[in-house]
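Quick heads-up: it's one chain on its own, the form predicted alone, in structure tokens.
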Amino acid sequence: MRRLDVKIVLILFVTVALPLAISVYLVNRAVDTSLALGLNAKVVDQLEQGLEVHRGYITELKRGVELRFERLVDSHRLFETAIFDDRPQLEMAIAKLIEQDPSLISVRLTGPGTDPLEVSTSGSVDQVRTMAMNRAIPLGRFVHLQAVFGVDTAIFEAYNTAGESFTTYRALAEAPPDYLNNRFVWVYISLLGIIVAISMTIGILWTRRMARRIHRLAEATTLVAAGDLSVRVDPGSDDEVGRLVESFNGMVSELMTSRTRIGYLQKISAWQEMARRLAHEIKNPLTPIHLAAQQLRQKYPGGDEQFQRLLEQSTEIIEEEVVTLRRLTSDFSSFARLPEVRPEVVDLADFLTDCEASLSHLAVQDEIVLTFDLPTEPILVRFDRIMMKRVIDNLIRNGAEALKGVDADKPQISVYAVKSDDDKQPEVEIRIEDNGPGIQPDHHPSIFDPYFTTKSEGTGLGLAISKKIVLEHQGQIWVEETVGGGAAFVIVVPTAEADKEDNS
């Protein structure tokens, strides 16, 4: 486990353990106070007295049943009816006695050599508890009387419940002082411990997931510090850490772009210095060489026609090469003295309209269809009009040269601009496409290098100058192959709104 994981686990443990200890202490005190108030000898005495009252009430109920049974046994009506041995009259007499006593459920008379006589009440006896009384008495042929009385069952159930409660309460009250307290506290600790364990498990799993993303970010930071700007980190989710990772990826991407831009500008600066020195070193001897060739032609007195013809041819060659070298040194000097970019806020549509007007003659001259697809909505960019116009001019002229001699039904160069949909990084893309032969893929990495060219004429500085200008506008430029096989130069530059956001 890494150090950050250990810290997170310790923080979670301390965060949970401290409130747990405080809550256990408070619960322990609360249980002590509650038990001291609820379990005491006075309450035991009161409960016991209530139970005695209940028991006395039940005893009185039993005495009342015994008295009613004694009255039944001593009933003159029952004896008078039994003397005449009239069974129907005896049943009626017993039914009358049952009707007079609601608690009397049934009466049964038995005797030797005769069938038992039993009379019962016609009411419901579901909610009563029966009490049977027996007595041997002479009633004609019957010698034994059994009476069943009913008592409300709720009275006995209430008594049993009260007895059980009293027994339990007295046992709790007579238990050791810490008996209940310890059990309450341990049950509380167990339940709270289970909840805390589940919560800590969920918290550790979640924090370790977040920590893994932080670890990956730390490892990526180490790689970036070592110079690897190609590293990227998966944000994982759209939370604070995810947004931090996205910011890191954007920063690394910007660093890579900036490093590429700076590296290229440094290389161009070195080439500019070399071009300046070459122009100086080449330009100085050109005038003496040119003058010397002219003097050779002028000072020769003639006389040898063949030699004179050779001399004229040689001096012409020297003068032509001097002119070529002067043009070359002029290109070198122009490359070495590129002016500083001075951008200003311009509308992209107006800028491209100016470019279209200045290049329309080129389309007529080379018989090329040149189309500008201008943006319909205002797009503000920070351009040095002269420098960026030089870029557009150079790219369109390169396309026109590539279309010369191409067997195409309709040589065409298209220029259009679109604004990106990314609100976080507003950019505009300018594409210059042609339907010519295209550029060989193996030339793509070197096409923007100074003095690289595939043409028989030219110094190969045009694309290098164009890329330098675009980079100084904080943009990018690259070449792509079009669907039809031609070449497409793509320029991406930030809008004026993006510059305002960066400054803010």
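All values reported here derive from a predicted model rather than from experimental measurement. In this text, residue numbers run from 1 along the sequence as written.
Only in words, not in the display: the form predicted together with a small molecule, which the text now covers.
- Scanning A402, A211, V233, I98 against the small molecule in the predicted complex with a 4.5 Å heavy atom cut-off leaves one residue, A402.
- Here is the short version: of L471, L461, L47, L61, the single residue with a heavy atom within 4.5 Å of the small molecule in the predicted complex is L461.
- In plain terms, the part of the chain that comes close to the small molecule in the predicted complex, with a heavy atom within 4.5 Å, is 436-444 out of 65-73, 436-444, 22-30, 48-56.
- The small molecule in the predicted complex is approached by F452, whose closest heavy atom lies within 4.5 angstroms of it.
- Residue contact check for I491: none of its heavy atoms lie within 4.5 Å of the small molecule in the predicted complex.
- The small molecule in the predicted complex is approached by N398, whose closest heavy atom lies within 4.5 angstroms of it.
- Remark: A496 does not count among the residues lining the small molecule in the predicted complex, judged by a heavy atom distance of 4.5 Å or less.
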